[in-house]
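Shown here is one chain on its own, the form predicted alone, set out as structure tokens.
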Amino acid sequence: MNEILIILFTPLLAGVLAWAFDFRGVREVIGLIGAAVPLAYLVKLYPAVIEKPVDYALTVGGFTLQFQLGTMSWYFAAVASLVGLAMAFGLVATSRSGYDWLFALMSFTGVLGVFLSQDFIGFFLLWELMTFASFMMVLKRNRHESLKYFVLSVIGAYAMLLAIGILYARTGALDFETIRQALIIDVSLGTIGKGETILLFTLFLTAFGVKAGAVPLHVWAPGAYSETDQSYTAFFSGALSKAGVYGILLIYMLMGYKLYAELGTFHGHLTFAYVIAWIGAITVVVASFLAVLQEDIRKLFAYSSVGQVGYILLAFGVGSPLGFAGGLFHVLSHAIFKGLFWLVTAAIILQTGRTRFRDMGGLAEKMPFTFAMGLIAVLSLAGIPPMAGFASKWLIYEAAIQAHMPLVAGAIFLGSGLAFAYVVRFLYGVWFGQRPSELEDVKEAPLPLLLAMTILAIPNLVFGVAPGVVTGYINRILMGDVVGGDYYRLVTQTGTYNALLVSTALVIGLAIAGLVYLYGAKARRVPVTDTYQSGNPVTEEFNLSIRRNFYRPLAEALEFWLRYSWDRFYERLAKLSEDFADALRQAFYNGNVQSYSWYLAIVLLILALWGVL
């Protein structure tokens, strides 16, 4: 059997078997094997992919589906498979049904198919498989949020289908390479005009923007990410959102030259790329502000997930080789630190049954390993060296500066500041300070969940200290030495980052701090319950304010803007559509046979005038 076929369909097959043999222990073993096989085969095929792309064609119902493992598709598939394996270990601890394994692994197959497809038939079918499976995961726990996700996904699917139809009508092809060549030739022929080009760009941007969770199409993400098994959300946020990001790259690959020819430049930047950059910048800022204001850790990280994907869109929108390098690096770093965050969240909920800041505190003493994993995720998300998150964000900063986009660069800095604000609250509000008496019996997370966290924590550290391992491969994708240096140094035209030097300085600093703590001034160990605020002992009635409306002053400052909500806008739009449809129904579906006869006569007349009859 072809290896690409094994990579694609092993998770789906394992999901079906885990659902069919829904017995404790059996489904978990099957699920883990199904999640591990794609990563193992991707590692095996790495040397071959470096030499030349690996192709495979599958004929189904008269249609030939083309798949390819090239340098870029391998990269995206490897990122998804790493997070997928971590998700599977997490599900061992948090899931109790074959239903979860079926649809979690089904979405795994779907996202791998999206990355490996080389034609729009397979791309669209596997895109829909991925969407259906993730919808079923949300539906099990929250019908309202699943409906929101379904509606936005349908809008995105129809937008993509319409764009594919237009391309097929104009080019006569569905495979990516033929479409790309046809659009390049059409720059000279002018068969596809400016208006149609803009329409295609808008349709694809809508379809891929929905899956990426870009503002204003993000409204499904906070609820969907929150209202499902948090181990699965590690994959939902860390891997499935990258399908939308991959789609943005597909726009560049298929239509980039045509869009440049038709739309030109704006202030020295590609016009269509400038639009993508600003969508990313707005997504970063809006989602980060909303994350800061959340009182539920699930909603906080849901909005954070949206904001962090905004960095990737922003980087791709810069449109330079360095921007693509930074965006591709952040595809990896976001997947591993956000996936780690969701696994930490899964552990917290599993062990405490709580999700709100006001109900937590002092858990570092009870869950030390989970706390250490959470700290790694915090440092990486906040962009603090020597974690992978810093290296990728540093490249994005450099790209924005080189491209002379100061406002976009400002959005990056503002987003990073806001990210630091909400992760600090997560650190203190959940792990430190006063611990509620109800949490005195909390234990460390189960071993499978700890293994899941470790799978994602290790690359956060390794690729942070040795970012050149990632940029070296990204240079292969971009076919040039976009980022210089070695394993430990990143070198661009405007700066150098030495991760090894920073790591060494950090270790020395921590060692000095430890020596001061051990041999310096005498310290008295106190329990977490021996805590004071403004000279008052902290009690259940007088608790630390960081857990209760800590950023309320910010909410008051933003009160004017918070009056406006995309959720409320879409809800009102849906209500207007429903009322309009109901009015049409009452007007036309009135039970009068004579009216129906007139409708039929009118339709036949129109068809006759068009020459159909």
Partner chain sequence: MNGQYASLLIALPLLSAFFVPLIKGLGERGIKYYLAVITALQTGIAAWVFQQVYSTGKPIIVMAGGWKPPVGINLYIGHFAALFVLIVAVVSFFTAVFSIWSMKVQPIDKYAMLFLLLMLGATGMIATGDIFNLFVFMEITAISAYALTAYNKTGEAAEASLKYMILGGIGSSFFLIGVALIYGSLGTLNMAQIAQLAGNMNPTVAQVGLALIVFGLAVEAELFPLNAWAPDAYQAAPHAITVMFSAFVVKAGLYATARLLYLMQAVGSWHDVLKLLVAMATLTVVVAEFAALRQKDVKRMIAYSSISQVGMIAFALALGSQAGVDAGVFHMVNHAVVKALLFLGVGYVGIKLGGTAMENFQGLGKRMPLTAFALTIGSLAAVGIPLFNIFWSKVRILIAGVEAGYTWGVALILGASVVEAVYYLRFIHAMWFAGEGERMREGLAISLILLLLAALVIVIGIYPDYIWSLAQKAGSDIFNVGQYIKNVPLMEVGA
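For clarity, every value in this text was computed on a predicted model and none was experimentally measured. Residue numbers count along the first chain shown, from 1.
One more form of this protein, predicted together with the partner chain, exists but is not displayed; see below.
At a distance of at most 4.5 angstroms from the partner chain in the model of the complex, none of the three residues 30, 44 and 478 contributes a non-hydrogen atom. Stretch-level contact analysis of 470 to 478, 137 to 145, 340 to 348, 176 to 184 against the partner chain in the model of the complex, using heavy atoms and a 4.5 Å limit, identifies 137 to 145.
Out of the listed residues 359, 128, 296, 444, 128 is the one that sits within 4.5 Å of the partner chain in the model of the complex by at least one heavy atom. In the model of the complex, residue 263 stays away from the partner chain, with no heavy atom inside 4.5 Å. The partner chain in the model of the complex is approached by residue 158, whose closest heavy atom lies within 4.5 angstroms of it. Interface residue remark: residue 165 is counted as part of the site for the partner chain in the model of the complex, having a heavy atom within 4.5 Å. In the model of the complex, at least one heavy atom of residue 585 sits within 4.5 Å of a heavy atom of the partner chain. Shown without its partner, the chain has 12, 19 in segment 3 to 33 as residues with a non-hydrogen atom within 4.5 angstroms of the partner chain in the model of the complex.
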